[in-house]
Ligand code: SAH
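So this first bit is one chain, no partners, the form predicted alone, shown in structure tokens.
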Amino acid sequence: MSNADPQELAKFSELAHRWWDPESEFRPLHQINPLRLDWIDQLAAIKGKNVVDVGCGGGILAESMARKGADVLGVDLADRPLKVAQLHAMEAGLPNIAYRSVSAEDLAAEQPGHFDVVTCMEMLEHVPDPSSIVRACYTMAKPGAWVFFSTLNRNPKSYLFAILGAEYILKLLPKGTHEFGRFIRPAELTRWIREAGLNPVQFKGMGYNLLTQQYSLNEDTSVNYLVACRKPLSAP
């Protein structure tokens, strides 16, 4: 059984043609991408590294990492966003990026210990078994590799901000983008990270300023948060 929700794949496929429009439903992704890219690069120094972006969608993060000089593979199971990502990379003339329709688990079995950097951003809350994705990310990472996750905390504040606020009041995201029951508390994600064999190194929160309409990284993990991990050097 594939660790994917057909309704989630269909949801993002329907909007695939708007993925690279910075004023579309994907505007928040365009706005937060420089923040997460710089954070990843500061820790992992991605230039020249072999990077995989798990759940890459239309390729916003994957392409920006390629522009930083990384050799990037973007993987996803939603075919229409992948085609959009492939076309955009081809039009941009980026030879150091490739895309594949393959699950994280299958890629991990196929290429264990292969990648210097693994990113899995805004994806865990959209799959039936997020812990399986975390294990797959561990498996495909080289010993000593950096592994990055981002997701949404599960508490009343995150429901208010990420669903009621972002989807219904401010309309930053399409209604139904997120399902609150799939949000993940940091303690839960930390447990899966440690059980997989990774070491959590750094947590960051991401906030949105209503006045400036700008996102920023901070220490508040109560709504959106990011986690940087490392695979031990002695990992098999």
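All residue numbers refer to positions in the sequence shown, first residue = 1. Keep in mind that this is a model prediction, so the values were computed, not measured.
Beyond what is shown, the protein has a form predicted in complex with ligand SAH; the following relates to that form.
Engineer: Just one stretch in 90-98, 110-118, 76-84, 151-159 has heavy atoms within 4.5 Å of ligand SAH in the model of the complex, so which one is it?
Structural biologist: Flagged stretch: 76-84.
Engineer: Does any heavy atom of Phe12 come within 4.5 Å of a heavy atom of ligand SAH in the model of the complex?
Structural biologist: Contact check for Phe12: yes, within 4.5 Å of ligand SAH in the model of the complex.
Engineer: Can any non-hydrogen atom of Ala70 be found within 4.5 angstroms of ligand SAH in the model of the complex?
Structural biologist: No - in the model of the complex, heavy atoms of Ala70 and ligand SAH never come within 4.5 Å of each other.
Engineer: Is Ala45 near ligand SAH? Define near as a heavy atom within 4.5 Å, in the model of the complex.
Structural biologist: No, Ala45 stays farther than 4.5 Å from ligand SAH in the model of the complex.
Engineer: Is there a heavy atom of Met206 no more than 4.5 Å from a heavy atom of ligand SAH in the model of the complex?
Structural biologist: Residue-level check for Met206: no, no contact with ligand SAH.
Engineer: Among the candidate residues Ala166, Val134, Met140, Val127, which is the single one with a non-hydrogen atom no more than 4.5 Å from ligand SAH in the model of the complex?
Structural biologist: Checking each option against ligand SAH in the model of the complex, the one that comes within 4.5 Å is Val127.
Engineer: Do any residues of 12-35 have a non-hydrogen atom within 4.5 angstroms of ligand SAH in the model of the complex? If so, which ones, in sequence order?
Structural biologist: Contacting residues: Phe12, Trp19, Leu29.
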